[in-house]
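One chain follows as structure tokens, the form predicted on its own.
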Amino acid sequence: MTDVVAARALTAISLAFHIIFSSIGIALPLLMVIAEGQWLRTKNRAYYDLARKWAKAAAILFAIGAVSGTALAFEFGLLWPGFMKVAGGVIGLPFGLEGFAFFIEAIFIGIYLYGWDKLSPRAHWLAGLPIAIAGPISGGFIVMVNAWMNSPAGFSYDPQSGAVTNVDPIAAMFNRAWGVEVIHMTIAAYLATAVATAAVYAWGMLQGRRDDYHRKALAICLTLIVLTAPAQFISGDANARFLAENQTTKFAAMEGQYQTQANAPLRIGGIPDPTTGKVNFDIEIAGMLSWLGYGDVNALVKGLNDVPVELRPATEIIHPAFQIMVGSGTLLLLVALASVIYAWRKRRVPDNKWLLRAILISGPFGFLAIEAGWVVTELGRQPFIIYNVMRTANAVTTAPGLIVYLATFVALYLLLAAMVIWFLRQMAGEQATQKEGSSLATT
């Protein structure tokens, strides 16, 4: 295993692990605040119980996310010194601002958790608002860095001497890609977390626990799903148009477009074959790719065959990942639509067993879409770590023993995953015990 492969593998594993917890850290506090706000408004005990339960889960997942995020920060310095030498002085500002947002979130999580019996109900609810606000702000600053890697701005770079000049940190932060990337990732975090949480309560209802607690939880989650699922498609369309204009190679790799052509077809499914320059077993819709990218069915779409072989990303991975992302999003949109229709016709929270099963099955697909989307984003930029500025091979460390780093960090993530599962199982058991005790008392 080469140093570049080992470093990329470790970074990929770390990001794949951390992005789940950072997404939950963005979205779960909003569910928590909504539940407590509903309790203040209605005095319904189910909302209070939900707020306390989601607060505990948010605290556990926040802690795991903090550990995995810290490990990831160390990895950037250890594995990618060439990148940090350029990026540190150019795009360091959002890293610093993310730190401020993170500390605000951490402070108010402490106040929120320990303030249930010490603050007035309204003051306690207000203490939750900074958590719900700081999470997406913190995540947004980190995505700004990734956007800069895809659309570098705010500096001049001499690859021969390695000199970085004319630095403008504000221009670097607010590069051309920051808006579409931040919006797309933030909506994805809300959608994925809401779907995964809804699946938990759909499972409970399928097991016969159709009490007010489960119905209220499902109602809150489905409301967020209904709002975010269509918004994500709109955001995705904006992203695709941005890539068509600014990252033509990534756009072609996503869509399996090898030939430069007008009236380019949209390919649904299929397996790209780089040796033949074709996509096998796909379904084509004539002119649709040209329209999606440029708003004109006759627009010219640049193909991969016009790109030097050494500068082509791995289409055989990127195209299927993109299909997984879009397919997962489509499934979630259909679940949202079915939930709206059911709630409108029946005037109640969806409780049909088939719809509950659909919600349960869709649970992992939000995070699957996020993971697949990041595969598209990162692999689609290769072989560059900073698009058209620095190649990944030139940014990696020359220090030996990267396989030891890889094994150590993989062990760390496995341990953290085991801890999360254990803590959440303990919480689920505690909730079941409380419900059983409540039922006995009522009897």
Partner chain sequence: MPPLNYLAAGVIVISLIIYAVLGGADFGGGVWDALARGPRASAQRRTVAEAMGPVWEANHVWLIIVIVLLFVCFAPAFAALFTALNVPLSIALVGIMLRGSAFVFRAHGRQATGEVSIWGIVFSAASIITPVLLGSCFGAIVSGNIHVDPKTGAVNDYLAWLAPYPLLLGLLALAICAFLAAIYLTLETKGDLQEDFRKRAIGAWLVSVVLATLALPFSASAAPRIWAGLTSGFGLALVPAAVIIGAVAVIAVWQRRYQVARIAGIAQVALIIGGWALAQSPYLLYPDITIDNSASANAIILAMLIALAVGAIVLLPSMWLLYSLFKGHNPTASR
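Residue numbers count along the first chain shown, from 1. These numbers were taken from a predicted model, which means no experiment stands behind them.
Beyond what is shown, the protein has a form predicted in complex with its partner chain; the following relates to that form.
110 is the sole member of 277, 295, 110, 269 with a non-hydrogen atom lying within 4.5 angstroms of its partner chain in the model of the complex. For the options 73, 171, 300, 283, the residue carrying a heavy atom within 4.5 angstroms of its partner chain in the model of the complex is 73. By the 4.5 Å heavy atom rule, the three marked residues 230, 236 and 240 all fail to count as contacting its partner chain in the model of the complex.
Contact check for residue 392: every heavy atom lies farther than 4.5 Å from its partner chain in the model of the complex. Shown alone here, residue 47 lies farther than 4.5 Å from its partner chain in the model of the complex, counting heavy atoms only.
For residue 419, a non-hydrogen atom is located within 4.5 Å of its partner chain in the model of the complex, even though that partner is not displayed.
Among residues of the shown chain, residue 56 is one whose heavy atoms approach its partner chain to within 4.5 Å in the model of the complex.
In summary, the region of this chain contacting its partner chain in the model of the complex, judged by heavy atoms within 4.5 Å and restricted to 303 to 311, 194 to 202, 115 to 123, 330 to 338, corresponds to 115 to 123. In the model of the complex, the residues of 156 to 173 lying within 4.5 Å of its partner chain by at least one heavy atom are, in order, 160, 161, 167, 169.
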